[in-house]
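One chain follows as structure tokens, the form predicted on its own.
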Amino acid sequence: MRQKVIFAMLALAAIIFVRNLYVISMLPDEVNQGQIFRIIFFHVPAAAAAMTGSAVALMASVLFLIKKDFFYDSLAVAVTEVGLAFLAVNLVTGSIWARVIWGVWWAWDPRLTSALICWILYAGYMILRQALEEPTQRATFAAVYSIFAFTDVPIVYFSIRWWRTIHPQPVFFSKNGSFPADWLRALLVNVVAIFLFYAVLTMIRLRQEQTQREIDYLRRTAHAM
């Protein structure tokens, strides 16, 4: 049943994404930035998916510390690992965008820097898990670290509001922002597709983590006999 759900979600995401690629290609160029502005349809959804994954990891980590249920630990590592990939997409697309608009691949702008720090923090979460072998200790330390790492997520979001920055000001959820209706529809459709991809990858990674946990348990039991 789970495999059927995964395949159905993946097929739906692919259909939506491919259809929306055509819609995006037919949109007019942005007046000041030209064709490169289309990267926003991938840059923003990837960031939104990664930040949502961080929030899910935070909640799963808190629930593990409260309930000591290893399902929440598996969920936390699954969404974090997938979130790292999506945040990497955000950083790469942002660098490409910066190269065309600013003339450099990277600028130590508050938004870019805080996003890079966020990626490093969650990469550290994965490294920490590899360094600890005892399951309960690993899950506990990882949960505490995940809660700490999430403190950078609000900084990423609010950085362009808190500090003067060369990064464009937000055009969503902002009184000063404006975005054509057809562009907004295309963006929201891409958000749906990318979130579906995120959910599919998380479900696959969650199952892998649970299977690995079962194998490790059987291995420890066999060694103890």
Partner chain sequence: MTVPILMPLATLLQAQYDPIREEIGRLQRNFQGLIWGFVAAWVILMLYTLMIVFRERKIRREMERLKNLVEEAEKKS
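Residue numbers count along the first chain shown, from 1. Given the structure is predicted, the values throughout are model-derived calculations rather than measurements.
Only in words, not in the display: the form predicted in complex with the partner chain, which the text now covers.
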Flag this candidate site as yes only if V89, Q212 and R219 all have a heavy atom within 4.5 Å of the partner chain in the predicted bound form; otherwise mark no.
yes
Which of 142-150, 106-114, 92-100, 67-75 has heavy atoms within 4.5 Å of the partner chain in the predicted bound form?
92-100
Consider the chain as shown here, without its partner, and state which of L132, I120, I155, A85 has a heavy atom within 4.5 Å of the partner chain in the predicted bound form.
A85
Partner-free chain; cross-checking the partner chain in the predicted bound form, the single residue of V192, A55, V62, I39 with a heavy atom within 4.5 Å is I39
Is P180 close enough to touch the partner chain in the predicted bound form, meaning at least one heavy atom pair within 4.5 Å?
no
Should I16 be classed as touching the partner chain in the predicted bound form when contacts are defined as heavy atoms within 4.5 Å?
no
For I204, is any heavy atom within 4.5 Å of the partner chain in the predicted bound form, or not?
yes
